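Quick heads-up: the structure tokens below are two forms of one chain, split into structure 1 and structure 2.
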Structure 1
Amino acid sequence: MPKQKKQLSTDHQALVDKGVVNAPDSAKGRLLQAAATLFKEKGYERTTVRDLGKAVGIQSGSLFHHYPNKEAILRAVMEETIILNTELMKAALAQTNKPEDKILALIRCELESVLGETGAAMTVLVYEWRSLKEESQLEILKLRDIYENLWIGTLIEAKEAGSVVIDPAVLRRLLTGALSWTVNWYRKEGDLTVEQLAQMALSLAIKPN
């Protein structure tokens, strides 16, 4: 029975259509997802090219039709997840006006990235980026800065509007820790939805009315 094509959000599908990111069910998309899972579970150094080939059902040598080496696959995993989640955040921000709604949109996007399909890649981004060569590290840091500047800009706007009282840089660090840690305890099958969790996180970030 053929595997059912994965249903993407409208914004995600638009990025695939524009060629910004790979389709999850494409050859490259499946390789990057498998690599993210293996790098998270086994670590980058302990994951072999044979492991990667086996995970996507191809000969290990065939991987090099897509990427020149294992390090290039690691970099692609990181680039793909940062670019995807940055663009999804931009799209979410474009649909809001109030500072509180903008913060909620960012919280929601980050929770969905951490707890959803890019969760493994997000973990790899945090723990394995030093496995990249220096040149690749610098490129990943540039992409990360774009992502973080969306957050900082939104929090500064909220502070100027009186919705936030904590220093934006400090608040961002607090939210980063809280949101990323949810992967260790949140269960989708529980009573708490991601939207409810996002609302709770928002209440920690903004000044009570």
Structure 2
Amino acid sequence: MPKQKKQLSTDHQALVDKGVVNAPDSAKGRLLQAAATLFKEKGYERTTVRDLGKAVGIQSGSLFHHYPNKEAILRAVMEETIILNTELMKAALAQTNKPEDKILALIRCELESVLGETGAAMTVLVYEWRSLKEESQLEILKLRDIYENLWIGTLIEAKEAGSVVIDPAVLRRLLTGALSWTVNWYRKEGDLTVEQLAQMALSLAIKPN
């Protein structure tokens, strides 16, 4: 059986080429993927550097050749996933026009980021926030602001167009919770498709007109 090489999306590949994120098949990339999985399953604190080393097949001490400390690994996991998903969201927005379509695109993106390939990293981003030192939190916060502005801008447009009735800032926050929480219950093997789920979420968010 030939080694199957995962094909990246063009947007993802562009970020790798620019050196903004690590290639998933590089040493660092595999470490970050393993870290994301472990951090999601056991939590950052309960995951030891020995766990991380074992997951990528090296000694725990060798990790510190790639990153200065354990926290930097957590931070890298978060940074890479938010940068990537911001880019994917921009690309999806660029292909839509009507406000309702844009909201649906954003919902799809966010669900896909939470339930798909980057799901582990996204979960870590949402739930392991407190384990970062303050300096790192501020750094990540900047990146999150860019991401959130894509959402807020779209929701304001939709409100002006009449398909959103409540305050966009509150709506976004309610949606953030509703969508990120899916990681705790949604299973791809079940009857409900991600697309159906996205439609349901949309039906809550907007008032058809």
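All figures in this text were calculated on a predicted structure; none of them were measured in a lab. Take the two forms, superpose them, and find the largest set of C-alpha atoms that agree within 1.5 Å; that set is the rigid core. Numbers follow structure 1, counted from its first residue as 1.
As summarised for this chain, the second structure is the form predicted in complex with the DNA, and the first is not. Once you line up the core between structure 1 and structure 2, the Cα of Leu15 ends up 2 Å or more from where it was. A displacement of 2 angstroms or greater separates the C-alpha positions of His66 between structure 1 and structure 2, with the rigid core held in common.
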